[in-house]
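Coming up are structure 1 and structure 2: the same protein chain in two forms, each one given alone as structure tokens.
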Structure 1
Amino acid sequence: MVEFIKQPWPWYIAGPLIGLTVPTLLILGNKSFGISSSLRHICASCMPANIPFFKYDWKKEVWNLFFVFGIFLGGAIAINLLSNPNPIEVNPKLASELAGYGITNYNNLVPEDIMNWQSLFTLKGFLLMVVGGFLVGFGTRYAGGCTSGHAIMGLSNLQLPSLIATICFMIGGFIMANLILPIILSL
């Protein structure tokens, strides 16, 4: 059984399982799926300051915190019990292109050649980790939710703002991956 779970799940299994979370959450209490709002709930519960953005009844959304904890716990279990010890398999063409940027270590899901403490203090590392992290957070707040909230939940509910946000996420991702990232990696 463990060997079966360790294998990558095909799209026709994983996709419907993700898709079934939408009606399940709606049936179980008209809850919406999304991860970015959980940070707001954590801040609202931990910081009793008089910040208007955090003054709401966060206890009504405590289920979301359990959901995020479950994601964290599932990830911890998966990395410790189900991880593949072999290096990540990378297409030879991609490996050749990445080698041009100095990325040759595929021992983890995140390339250690660019994502490490030493890289944080370089221009490339600062742009990727700090500026990139800020832009993800800003974009999530500006769009009123994250990709999972908009693309999975919002599109399932036929919400026009979610369609617009998802289109913008995709365009931004294409521009970043094909135009901006190669410039940053060549620094």
Structure 2
Amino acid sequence: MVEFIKQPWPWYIAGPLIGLTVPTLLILGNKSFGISSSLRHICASCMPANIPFFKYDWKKEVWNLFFVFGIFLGGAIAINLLSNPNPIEVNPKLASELAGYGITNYNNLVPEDIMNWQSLFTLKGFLLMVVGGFLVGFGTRYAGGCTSGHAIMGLSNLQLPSLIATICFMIGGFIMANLILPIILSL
């Protein structure tokens, strides 16, 4: 059983489990599933700076911070207790493309060759981690949600704005992965 759990889980197990988060949070306490809002609550609690967007009672949304702290702990538990000892298997086409950029280490979920503390201070690392993170935080809030809030919760509730947002997430991702990222990785 434990051996079975340690293998990477197929999509048809993981997807429905992620989908079940929607009714679980609703039934546990009327909470709409979403993760990027946690970033806003952190701003509201740590540095509201008199900005109207951050002036609300963030303590009423503290459940969201418990939830994301749980995600952090879940990551730690999965990697330490249920970890798959083998490197991640990727499409050979991707592997050969990435090898061209010197990315050959598949031992972690994050590519260690390009995302580590030393590379943070190079232009490539700065673009990947600092600029990338900024785009995630800025874009999700501007769009009003991320993959969880729009693509999963919003689509589950048949919201057209969420469909528009999800399509735009995908367009942005295709542009970056196929047109811009190759340039960044060549730096």
Partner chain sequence: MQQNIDTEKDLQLREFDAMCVNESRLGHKWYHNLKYLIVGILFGVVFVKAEVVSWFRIQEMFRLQSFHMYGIIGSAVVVGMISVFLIKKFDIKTVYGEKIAFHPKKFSKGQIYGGLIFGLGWAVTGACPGPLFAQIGTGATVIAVTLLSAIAGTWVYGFLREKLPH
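Note that the rigid core is defined as the largest set of C-alphas that superpose within 1.5 Å between two forms. All residue numbers here follow the sequence of structure 1, with the first residue given the number 1. In this text, all values refer to a predicted model and were calculated from it rather than measured experimentally.
Engineer: Compare the two displayed forms of this chain and pick out the form predicted in complex with the partner chain.
Structural biologist: Between the two, the form predicted in complex with the partner chain is shown as structure 2, not structure 1.
Engineer: Would residue 18 count as moving between structure 1 and structure 2, using a Cα shift of 2 angstroms or more after superposing the core as the test?
Structural biologist: Yes, its C-alpha moves 2 Å or more.
Engineer: Please check if residue 54 moves between structure 1 and structure 2, taking a CA shift of 2 Å or more relative to the superposed core as movement.
Structural biologist: Comparing forms between structure 1 and structure 2, the residue 54 CA shifts at least 2 Å.
Engineer: After the core is matched up, is the C-alpha of residue 82 off by 2 Å or more between structure 1 and structure 2?
Structural biologist: No: residue 82 shifts by under 2 Å between structure 1 and structure 2.
Engineer: With the core fitted, just quote the Cα shift at residue 28 between structure 1 and structure 2, in angstrom to one decimal.
Structural biologist: C-alpha shift for residue 28: 4.5 Å.
Engineer: For residue 41, give the CA shift between structure 1 and structure 2 in Å, the superposition being done on the rigid core.
Structural biologist: Displacement of the alpha carbon, after core fit: 3.2 Å.
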